[in-house]
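Provided below as structure tokens are two forms of one protein chain, presented individually as structure 1 and structure 2.
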Structure 1
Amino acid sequence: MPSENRKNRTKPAQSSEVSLAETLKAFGCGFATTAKHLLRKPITEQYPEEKRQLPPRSRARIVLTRDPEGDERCVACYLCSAVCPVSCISMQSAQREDGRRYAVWFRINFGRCIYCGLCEEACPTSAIQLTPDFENCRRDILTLVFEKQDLLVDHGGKDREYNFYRHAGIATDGAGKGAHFDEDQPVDPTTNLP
């Protein structure tokens, strides 16, 4: 098979030999294309003057949202903190008198944050969300550490309707066992009546 092999090897070399006319045509075509570009309007967006509306799901500054009733959504479950690849989220959990959990303090170090959005995916209550606001630069890196009051916003973000405590079967002062959406009354294990 060596001869055939050789033929195969020389084949691309032969096909790459194009005639002079073709070469010149290709050159002319290329130069004409770039010359035509000179007459086109540049597509550049002049950033600080022209700001483009970013898609709502683009990932930038992180916020803590509230549920429709205006309560904090965060239940301080530590899932975001656990999933964060750069460990930039930290918090302290506590329980309110009405039975709801909350974060005593919540801290995100935006100097470390890589805006990967894993915290948002991990959050069971849609509390932590990324917003399209990317203009978050500081001269002093320590001012990039955001506390809970800096992170809290007074709206529901991308998920306006959801209220964790309306769905989860957790008894609080607002709603007891069986009082949530799509929830049956609890079964009494001490009786076998239907």
Structure 2
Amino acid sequence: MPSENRKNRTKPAQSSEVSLAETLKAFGCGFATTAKHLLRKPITEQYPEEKRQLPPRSRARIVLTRDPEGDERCVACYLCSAVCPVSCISMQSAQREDGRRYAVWFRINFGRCIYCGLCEEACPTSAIQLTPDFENCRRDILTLVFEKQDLLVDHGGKDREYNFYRHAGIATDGAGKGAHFDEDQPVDPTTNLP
């Protein structure tokens, strides 16, 4: 009996039969899209001859900037090297006779740098900044290690008027504590005693 029931069953009708007209219409739409794009002007950029203007906030090559007086902004605080996730920044600090700190040497290995911008965010003096200059391809990997003289530029970068020593409250030959721009005199901690 069960075999007779199987023989008597009819196949259910397919409700989604595709006609030849619908198939040709789908092919026609696809070819029309292709033909439309074939007639457009190409948008390929001829890179070495034509260079795209990148937005000012793009992050690429790192530079060391100067303050408005022309001195180096870097005070060798080691914050950029501490925050760097790949440890590509190193430096050595020293202090001048007038009380200003500076980096004796400053080194960045662009072969390891991931251009994340954390060093720029961590820098309290706006000394280290990322520029849109992205053409940094070299055949020899050792030439990707940049020294301080390779990184130092003669301008203030994005914030040209900022001077760390005017606002930091650090005693230098230029001014003592409490004598800097828009700064109050230091508080005597003994006045807080009961």
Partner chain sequence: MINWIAGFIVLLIKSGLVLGILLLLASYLVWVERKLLARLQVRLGPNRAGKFGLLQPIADAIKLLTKEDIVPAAADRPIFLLAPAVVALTALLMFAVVPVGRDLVLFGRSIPMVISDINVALLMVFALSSLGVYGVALGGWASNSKFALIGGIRGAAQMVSYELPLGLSLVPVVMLAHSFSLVDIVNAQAAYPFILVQPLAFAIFVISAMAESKRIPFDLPEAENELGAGFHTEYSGMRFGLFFLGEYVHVQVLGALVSVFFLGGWRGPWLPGPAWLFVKITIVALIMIWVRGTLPRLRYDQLMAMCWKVLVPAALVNIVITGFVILI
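Take the two forms, find the largest set of C-alpha atoms that superpose within 1.5 Å, and that set is the rigid core. Start at 1 and count along the sequence of structure 1; that gives the residue numbers used here. None of these values were measured; they are calculated from a predicted model.
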Please state whether structure 1 or structure 2 is the form predicted in complex with its partner chain. 1
After a rigid core superposition, would you say the CA of Gly70 moves by 2 angstroms or more between structure 1 and structure 2, or not? no
Is there a C-alpha shift of 2 Å or more at Leu142 between structure 1 and structure 2 once the rigid core is superposed? no
Per-residue Cα shift, Cys29, between structure 1 and structure 2 [Å; core superposed]: 2.7
